[in-house]
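Only one chain is included here, represented as structure tokens and corresponding to the form predicted on its own.
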């Protein structure tokens, strides 16, 4: 059975000469049905394989938030870059959940859970790194040239995945990432539930800890709003900056005065990120 027979079409929309498509598929890694969205630029229509930017969204989001709000497809069409946006967690009636918005469905944190009941489904790290790209590359006219980006919880995921797998990505970027989750309330809650009480295992999913120890460097761009309500307590970009200085990591970190945590911020600077990735994907 070929890969295209393993996915089911949910919606199709033409935009900027390309196609935005939503699909569902049965994930073996997550043990449940999953939905993802893909934007195929017009260049993909002539048989040419195009590179892919994987976008990881934040808490409470799905595959739809970025595709509908970021305004990324005009520039992606110009640059000839496909965009893939997975969901942020497993879904389904038998998938473990929590009453809080920052744990459970919509809050997978892009880790491989080791603790029950979460470990049955919450293997988002393996899904994003391995299963989803394999499916995308077997099904669509895309190459194995990949970049990764994300917002908030997804920014955390993009930085962690990029640094742990530098051979798989040309570049990584983030908007308002949770930079030091081992000390942030969001991270402490999620990591305790998903990974247990051994904080040594938490560091494997902490961008600041990984950047401090890194010996292989990927091009990285981070943008943060200066008026973000979560800046001080949850996001802590100063920890990432300190880690970069300690290891010599070539971090580009820009703080933008007046901007908040919303998609108004993302849509203001997404073009810069796409052009940053295009430069490195073309090398």
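Residue numbers count along the first chain shown, from 1. What you see is a predicted model, and the numbers here were worked out from it, not measured in a lab.
Although it is not shown, the form predicted together with another copy of the chain is what the next lines describe.
> Does residue 23 reach another copy of the chain in the model of the complex, with heavy atoms at most 4.5 Å apart?
Replying inline: Result no; residue 23 lies far from another copy of the chain in the model of the complex.
> Can any non-hydrogen atom of residue 13 be found within 4.5 angstroms of another copy of the chain in the model of the complex?
Replying inline: Because a heavy atom of residue 13 falls inside 4.5 Å of another copy of the chain in the model of the complex, the answer is yes.
> Do residue 67 and another copy of the chain share at least one heavy atom pair within 4.5 Å in the model of the complex?
Replying inline: Close contact exists here: in the model of the complex, residue 67 approaches another copy of the chain to within 4.5 Å, heavy atoms only.
>> Contact with another copy of the chain in the model of the complex for residue 103, defined as at least one heavy atom pair within 4.5 Å: yes or no?
In response: Residue 103: no, not in contact with another copy of the chain in the model of the complex.
> Can you pick the one in 73, 210, 161, 111 that has a heavy atom within 4.5 Å of another copy of the chain in the model of the complex?
Replying inline: Going through each option in turn, the one that passes is 73.
> Out of the stretches listed (251-259, 230-238, 48-56, 214-222), which one is close to another copy of the chain in the model of the complex, meaning heavy atoms within 4.5 Å?
Replying inline: Heavy atoms within 4.5 Å of another copy of the chain in the model of the complex occur in 251-259.
> Would 27, 202 and 205 all count as contacting another copy of the chain in the model of the complex, using a 4.5 Å heavy atom cut-off?
Replying inline: Not a single listed residue reaches another copy of the chain in the model of the complex, so no.
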